[in-house]
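Read the single chain below, which is given as structure tokens and is the form predicted on its own.
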């Protein structure tokens, strides 16, 4: 269960300021990430995907997949946060949801200042839901580049508030809910991609070194038959499919991304992403073909496209 250095104090918690973080990335990081989410994995000269890993006029011209920004919040939950009166075991964390807003085209290299804040915390008794928001700026600029909100389900971390009035806090609009209703109509587009058996080993080079995705012994301790694919890797596959099939290959049209992780994926399985274009919103669902199981759902808000394909 959750432990604390002092009695849980909601006012103290909400007044607590989380430290800024700094990060730097370059064209090599961008290309490795793109390969990690399957770019050119089916066809090495795919014109819709080659631009994410290569440009004839030099690597500084490669384009950046919008889900790359999820890396900017990497480590906030997995390494643990110092919150007054609230502690949790990062090894018991499950990544539940990811919400992303991209405000302007992403440069192929940058040095960033990441402003981190508590976006939500709920006591669920035997578990807690913790939401961390990361707002990223290029160094020397006051213009916001992107925002990430990461939701973690923390097993064993609940029970920290008054049982008669469980603690629940959110500081973002209800319109940013991640729940979606999957349409019963035929999808506007469908994309099928097979992940590689080594997909998690490649994706981890982008910075998520959790051994659950690489070490068979750790996976067995977590009651999985073998290492599982990172949820954010699955999200990268899905959004890449939407860019290719709906956005005419242009990543700059992506404005908002939401993803809710429903089940695990094993490297080597085939992902089928179904997409429904509704005005300037794409509802999507990703399934594992071999098990016919939904593993991810969400929506993408886009810029400047017509309401029909």
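Nothing here was measured: the structure is a model prediction, and the numbers come from that model. Rigid core (definition): largest C-alpha set, two forms, superposition within 1.5 Å. Positions refer to the first chain, counted from 1.
The same protein also exists as the form predicted together with a small molecule; that form is not shown, yet it is the one meant from here on.
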Region of this chain that lies against the small molecule in the model of the complex, out of 226-234, 182-190, 108-116, 139-147 [heavy atom, 4.5 Å]: 226-234
Triple contact flag 124, 153 and 260 to the small molecule in the model of the complex, non-hydrogen atom at 4.5 angstroms: yes
So in the model of the complex, does residue 100 come within 4.5 Å of the small molecule, heavy atom to heavy atom? no
Please run the contact check for residue 210 against the small molecule in the model of the complex: heavy atoms, 4.5 angstroms, yes or no? yes
Considering non-hydrogen atoms and a 4.5 Å limit, does the small molecule approach residue 94 in the model of the complex? yes
Check residue 218 for me: does it contact the small molecule in the model of the complex (non-hydrogen atoms, 4.5 angstroms)? no
Only one of 252, 59, 256, 264 gets a heavy atom within 4.5 Å of the small molecule in the model of the complex. Which one? 264
Given that the small molecule is left out here, which of 71, 202, 222, 77 has a heavy atom within 4.5 Å of it in the model of the complex? 77
Quick check on residue 204: with the core superposed, does its CA move 2 angstroms or more between the shown form and the other one? no
Fitting the rigid core first, would the Cα of residue 88 be found 2 Å or more away between the shown form and the other one? yes
Superposing on the rigid core, does the Cα of residue 135 end up 2 Å or more away between the shown form and the other one? no
